[in-house]
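The form predicted on its own is given below as one chain in structure tokens.
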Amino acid sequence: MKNEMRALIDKLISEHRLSTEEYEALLLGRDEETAAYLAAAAVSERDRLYGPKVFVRGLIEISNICKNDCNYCGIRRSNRSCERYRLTPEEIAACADEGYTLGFRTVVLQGGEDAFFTDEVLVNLVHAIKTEHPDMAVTLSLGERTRESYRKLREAGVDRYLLRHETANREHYRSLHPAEMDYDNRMRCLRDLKELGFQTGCGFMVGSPNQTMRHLAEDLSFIESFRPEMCGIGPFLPHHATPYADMPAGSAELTCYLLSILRLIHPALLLPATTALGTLHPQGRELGIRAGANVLMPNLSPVRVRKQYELYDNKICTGEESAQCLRCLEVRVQSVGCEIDRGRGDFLPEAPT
């Protein structure tokens, strides 16, 4: 490893921050030795705070109906070949019940920006889940909403909210999204979520079309300054019914490298090894955990709809990532020296020393 690379990593370990230019240099200079050094430091930080634990969340994909037309997304509104579905509140609550029986203490309700899920519908749904299971954390990942909407959801008992920023570069954001979607509004949403007291998650794609190492460095600087409680990153994967159908997929290796950097920027992050990483590489989730990740989100959605929530081609959805095959995931997690934790897995506001 070159001396300047080691010096950058050692600075990141001790100070948890670098300049955007230094992040870019760390990305441009990566090699196997640098990646291994970063990963070892990231795992050490994760284990210092949380132990060798991987938290599991039951993912319920509640609707693939979306008003948006993002260039990279398979459920974009202009995809006429998408077989649309929407779970009823009763079906969603039943999935949460099943998850609780399986041992999950966090559910994640994720979906497109579907107008059916008004504040009233969601407040009643969250109330039903929390009444039945008071010790279960509820996470929502339902896109951009007004501050008043977020306030109502927080008051209803929603614990966490995931909203990927996708890219911290304004021009790059514009290239990925339709004209009616606004970078400033996405950032407003994230600020509102933090101010209202949600455990807030953001995140970005790795290898998305037109992305440069400078863009990724800007993402890292954004994470450093915004300090989310969660950060979900995964490789870009193309979908055949989007403008990016013929674009190359992102890199599992670069994704894992970035996971390690994120862990060192903000050691207490709840950091998933994503489904996209597991789709791109057969050992993707294990690689993510070895790089410092500590969250998995197995699928609790009804089997009949899992293939329809197709954000990208060939998404894994019915095998070992299924919530009903939690034992399969336990074996995989144990193979990399960690153990499944089925508890709520909340963010640690104060890092142990």
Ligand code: 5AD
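Throughout, we count residues from 1 along the sequence that is shown. The shown structure was predicted, so the numbers you read here are calculated from the model rather than taken from an experiment.
As for the form predicted in complex with the named molecule, it is not shown, yet the points below apply to it.
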*Using heavy atoms only and a 4.5 Å cut-off, determine which of Met205, Leu140, Val126, Ala137 is in contact with the named molecule in the model of the complex.*
Met205
*Let me know the one among Tyr100, Tyr85, Tyr72, Tyr183 whose heavy atoms come within 4.5 Å of the named molecule in the model of the complex, would you?*
Tyr72
*asked:* Under a 4.5 Å heavy atom criterion, is Leu311 part of the interface with the named molecule in the model of the complex?
replied: yes
*Phe104 near the named molecule in the model of the complex, any heavy atom under 4.5 Å?*
no
*asked:* Check Val108 for me: does it contact the named molecule in the model of the complex (non-hydrogen atoms, 4.5 angstroms)?
replied: no
_Taking the named molecule as it sits in the model of the complex, is Phe236 in contact with it (heavy atom to heavy atom, 4.5 Å or less)?_
yes
*Going by heavy atoms within 4.5 Å, which of 115-123, 190-198, 265-273, 228-236 lines up against the named molecule in the model of the complex?*
228-236
*Between 154-175 and the named molecule in the model of the complex, list the residues on our side with a heavy atom within 4.5 Å.*
Arg164, Glu166
